[in-house]
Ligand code: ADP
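Shown here is one chain on its own, the form predicted on its own, set out as structure tokens.
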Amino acid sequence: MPVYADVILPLAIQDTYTYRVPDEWASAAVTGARVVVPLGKKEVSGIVYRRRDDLPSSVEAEKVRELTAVLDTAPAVTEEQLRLWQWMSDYYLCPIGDVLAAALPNKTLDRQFSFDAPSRRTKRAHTPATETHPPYPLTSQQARCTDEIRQQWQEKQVVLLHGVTSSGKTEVYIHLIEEQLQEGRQVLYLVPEIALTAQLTDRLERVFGGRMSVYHSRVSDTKRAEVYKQVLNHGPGRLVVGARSAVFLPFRNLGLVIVDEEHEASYKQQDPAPRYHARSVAIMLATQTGARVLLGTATPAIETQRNAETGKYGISRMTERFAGLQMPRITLIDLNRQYHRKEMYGHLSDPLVERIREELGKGKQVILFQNRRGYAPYMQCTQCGSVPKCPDCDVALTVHRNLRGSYMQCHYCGYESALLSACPECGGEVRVRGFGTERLEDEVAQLFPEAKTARMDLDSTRKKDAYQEIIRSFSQHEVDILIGTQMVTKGLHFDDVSLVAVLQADSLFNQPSFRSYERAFQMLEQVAGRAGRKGQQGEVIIQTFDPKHPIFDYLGRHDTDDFYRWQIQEREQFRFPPFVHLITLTLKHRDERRTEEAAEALRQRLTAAFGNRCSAVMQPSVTRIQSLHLRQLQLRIERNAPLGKAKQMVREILRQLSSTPPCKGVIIQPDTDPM
């Protein structure tokens, strides 16, 4: 009797392909095995999703081909992983092949890679077990929270550790991790930014040494494949520290998942599919494996705090900073007044410049936060007002002036152009407008020539180990002023930072998103938390054109609870998460009219199925990217509605429309829980 295998391939064409299993591979082609199969004129590696005795009704027997090879003696993917992949495919409305492509390091699909061979030693030098040290003793606050978390795990799978910045949450994590490893369980420790692993791993290696692995996209594919193999073959008692992709590792005995800085938008994968949120996937992973989850943050996501307030999650609070340190004081500087009085040095106000000088004079360090990279956001003609734009995207070209020279670049597609000497429209004078981290770095160097500066943004950290080098040099006082984008806001610890300045706060909350206030408050509170982490109270200076904005009142009191109550009322009133599920569908095509026609056809079908839960056709803030015109639709599904059924309906509508005019050839990208 023939045996067949449904195989997942790393493609976004369909969910699985069915192949006949030759007799010699019948015992080896088990669920989770790596196999080589023919696809057209090529051979492709994939994963056996299921074995079956008969063919699907949609498959013709004479067209079924045989798989070519089985690559291992044991499965390379666990059944728990496959269940998680299927959940992600269903929840995030994407082919399971997209999940496979995201889940496995490329090296593991190479037929030359062997899961049967012993793991290679990675170049990372772990601290030998003999040199590790026990965790530091817990303070009374940390001990109380640790006990509360253990107790709440008896009834709740997920617990939120809501601790103010510099309260010592990491030490609580370390004690809970040690307990799990002692019991032979695995632990997954997620961080939102690769930059955080540089400081964190040094601290964790002191305690866990060779029991720890690091896994993120900046690690080479070969090393990631080796970590994957280590977790698969040497499961018990191992800690994995990583960014969002670490949720895909083959844990066999997972006891604890820690999601540090759980509020961070960096946990959301934007492109390519699957457009997953690592926090949600981590919670589902824990649900399927029986593990416990600890979400840690000083500024909880609105959805997370809602789950804690309603009793779905447990919660433990740390309200005091470590060693009795005071929370930083907040000082607002009204830019309207400063510009009117002409009391500005470039983009730094007089009071800020004076305070920086004072702190540098004391041997302290300063962080300047400007959430825009590059030299300037755009150039503009002083006569006709025209702005140079990307030929393929509807965005202004960002000005860069760095070691590469001066040029303009599109931050969406990477297009580059030389700087303009005159306006191509009227021949008038062209000037840069606004400022980014590069321009700020130049201004700071002129104002404080004796100070050493460094810049942390996407451009300055492209090279391997650039994150670690910047953090190391700042930690060792080789740098006096650190200038950066939101990278500098996330969980970094520096003893001698006494002053943090936010240069352009208004740009954070003046965004076309229902999450803009939430993100702004979280970012400002987090960057404030970098100040005064040891010794004296720190200060945060915020430059703003709107000092009476309500967000600054909550920030001045460091009051996350009042801020939450303000925002949750608005979310309920205007039907936004957490009171509804959102699904955004983005349509893309080179022809604008075709895009609009397809969007209207999709809107009609969705409206017929979902009524007023479907929005009108919307134009996103950027309407064209890489020569593709964009339109969007949004579905709002009530929390008490059957979400799975709604998504099945969406899938079926997309399937029906994909092969019919005007949607044929139009890219439609669903995004569940968009950020």
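One rule holds for the numbers: they count along the sequence shown, beginning at 1. Everything numeric here is computed off the predicted structure, so don't read it as measured data.
There is another form of this protein, the form predicted together with the ligand, and it is not shown here; the text below is about that form.
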Inset, instruction - Answer with yes or no whether Lys490 is in contact with the ligand in the predicted complex, where contact means some heavy atom within 4.5 Å. - result: no
Inset, instruction - May I ask you to check whether Glu171 falls inside a 4.5 Å heavy atom distance of the ligand in the predicted complex? - result: yes
Inset, instruction - Would you please decide whether Thr139 lies within 4.5 angstroms of the ligand in the predicted complex, comparing each non-hydrogen atom pair? - result: yes
Legend entry - in the predicted complex, Arg203 touching the ligand (heavy atom, 4.5 Å): yes
Legend entry - Single option in Phe322, Tyr313, Tyr276, Tyr517 placed near the ligand in the predicted complex, where near means a heavy atom within 4.5 Å: Phe322
Inset, instruction - Could you work out which of Gln567, Ser460, Ser166, Ser280 is the residue within 4.5 angstroms of the ligand in the predicted complex, going by heavy atoms? - result: Ser166
Inset, instruction - Tell me, please, which stretch of 545 to 553, 417 to 425, 588 to 596, 158 to 166 lies within 4.5 angstroms of the ligand in the predicted complex when heavy atoms are compared? - result: 158 to 166
